[in-house]
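Only one chain is shown below, in structure tokens, and it's the form predicted on its own.
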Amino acid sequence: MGILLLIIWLIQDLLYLIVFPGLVVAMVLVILLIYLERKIAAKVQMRYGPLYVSRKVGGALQSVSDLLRFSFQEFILPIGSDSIAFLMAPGFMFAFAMMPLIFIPVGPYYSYLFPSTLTILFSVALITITPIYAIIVGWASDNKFSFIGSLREAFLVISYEIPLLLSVIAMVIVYRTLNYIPAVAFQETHLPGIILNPIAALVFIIVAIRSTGRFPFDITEADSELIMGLYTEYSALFFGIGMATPYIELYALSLIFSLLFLGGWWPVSIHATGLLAGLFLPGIIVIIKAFIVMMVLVFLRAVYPRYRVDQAVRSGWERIIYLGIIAVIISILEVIII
């Protein structure tokens, strides 16, 4: 009986990581999000957007066809590149973008592969590791455009990671926990985090935009002066992995935002019982909230121009970091007063 329970527990956790809310759901959302991003931007800018593949359904299969094209293209390894780093870095970057999902619950009864009371800390820490491999990608390519893109990524990471941590710390102070489930329970009995500390929510959103290269922070891949930045020398599936990674990171950050600021699986109670309300419905609600956040962030492509790297770095050090400090002060005052 003990062995059977262990096998069931392992299968449940593997399904959690691979299927829901893991890799399968993430990839489906990424494919859908890329298509909608291109269509929405085209609509705003009075263009057609993807239309060549599956014209009768508005080009809905364009993202799928792009995935198949990347999967079967010939891969080219540049002669002067650091071959080991060049080949391994995209995989590590994708893996560390996926790993936070291990610690992000989408319901009060979902278990973890690694049970811990520090899930907020672990998930945010893993997200901050991802840009390191993006920098390695540019450095290993032996291409001046890629190298400049990696330098830009380094400058931006340094200027925006501290505000990310400050916004999360602000909410940890309010919730008095480093675990997502008690944080959601606190919002159930009080107010959503976006109301309790709107400054922290604003800082988190801005940093999420920067971390995932959404406009106006599409700086490391600026096609006007860097061609494709970090990924200039990449082709085939490796290029597809590099381009999909920011969307996976956006998915993880949107899940975290939904749990910390939007009430998680609320209005489903943490004490809900039954197969539907207790297991499936909370996860669906969290995924829907995260997808709405992702849609809002990708919409910025249609309306914002790109910052220069000096403008973005200056904004991080001179504005966003101070907003993060203000968010922490607000949380401390709330705890003292309440």
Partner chain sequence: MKDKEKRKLRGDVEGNARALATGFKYLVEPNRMTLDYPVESMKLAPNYRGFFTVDDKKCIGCSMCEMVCPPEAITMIPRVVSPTGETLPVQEGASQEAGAKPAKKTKRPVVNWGRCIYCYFCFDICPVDAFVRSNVHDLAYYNDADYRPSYEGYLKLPEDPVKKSKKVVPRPDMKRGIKYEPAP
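Residue numbers count along the first chain shown, from 1. Basically, rigid core = biggest C-alpha set you can superpose within 1.5 Å across the two forms. Bear in mind that the values here come from a model prediction, so they are computed numbers and not experimental data.
In what follows, reference is made to the form predicted in complex with the partner chain, a form of this protein that is not presented.
- Stretch 38-46 is the answer when you ask which of 283-291, 38-46, 23-31, 64-72 has residues with heavy atoms within 4.5 Å of the partner chain in the predicted bound form.
- Although the partner is absent here, residue 53 sits far enough away that none of its heavy atoms falls within 4.5 Å of the partner chain in the predicted bound form.
- Interface residue remark: residue 60 is not counted as part of the site for the partner chain in the predicted bound form, having no heavy atom within 4.5 Å.
- Among residues of the shown chain, residue 300 is one whose heavy atoms approach the partner chain to within 4.5 Å in the predicted bound form.
- Using a 4.5 Å cut-off on any heavy atom, the one residue of 307-325 that reaches the partner chain in the predicted bound form is 319.
- Relative to the superposed rigid core, residue 69 undergoes a CA displacement smaller than 2 Å between the shown form and the other one.
- After superposition on the rigid core, the Cα atom of residue 308 is displaced by less than 2 Å between the shown form and the other one.
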